[in-house]
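So this first bit is one chain, no partners, the form predicted alone, shown in structure tokens.
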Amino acid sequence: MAAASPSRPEILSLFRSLLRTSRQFSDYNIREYSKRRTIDAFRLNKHATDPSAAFADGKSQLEVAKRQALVYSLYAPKVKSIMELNH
């Protein structure tokens, strides 16, 4: 039996959660890559024929991103990126 298609509020919640998780990365490059990858993936899957599969993949990517953010926070570099320095 196929899973029910996710509702619009569920999809938006997943999108916001992924963006929120991307902000937890201390490294500028990883943070921006994660944000860009989230936006691109949602644009790519906007007209997906199987939205429940794309939603399930997004939820698994969210769990991976949360674990990676935790690991990166443990080993964060002490020096900021040149992109983050105030002039």
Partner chain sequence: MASFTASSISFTPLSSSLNLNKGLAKSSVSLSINGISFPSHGLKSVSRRFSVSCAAKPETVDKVCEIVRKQLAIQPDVAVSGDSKFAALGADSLDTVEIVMGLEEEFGISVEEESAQTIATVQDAADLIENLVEKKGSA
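Positions refer to the first chain, counted from 1. The shown structure was predicted, so the numbers you read here are calculated from the model rather than taken from an experiment.
Beyond what is shown, the protein has a form predicted together with its partner chain; the following relates to that form.
Peer 1: Taking any heavy atom pair closer than or equal to 4.5 Å as contact, tell me whether R20 reaches its partner chain in the predicted bound form.
Peer 2: Yes, R20 lies within 4.5 Å of its partner chain in the predicted bound form.
Peer 1: Give a yes or no for F55: in the predicted bound form, does one of its heavy atoms lie within 4.5 Å of a heavy atom belonging to its partner chain?
Peer 2: Close contact is absent here: in the predicted bound form, F55 is far from its partner chain, nothing within 4.5 Å, heavy atoms only.
Peer 1: If you check in the predicted bound form, is F15 within 4.5 Å of its partner chain, heavy atoms only?
Peer 2: Within the cut-off, so yes.
Peer 1: Are any of the heavy atoms in I39 no more than 4.5 Å from a heavy atom of its partner chain in the predicted bound form?
Peer 2: Close contact exists here: in the predicted bound form, I39 approaches its partner chain to within 4.5 Å, heavy atoms only.
Peer 1: Does anything in 51-69 come within 4.5 Å of its partner chain in the predicted bound form by heavy atoms, and if so which residues, in order?
Peer 2: The stretch 51-69, when checked against its partner chain in the predicted bound form, contributes no residue at the 4.5 Å heavy-atom cut-off.
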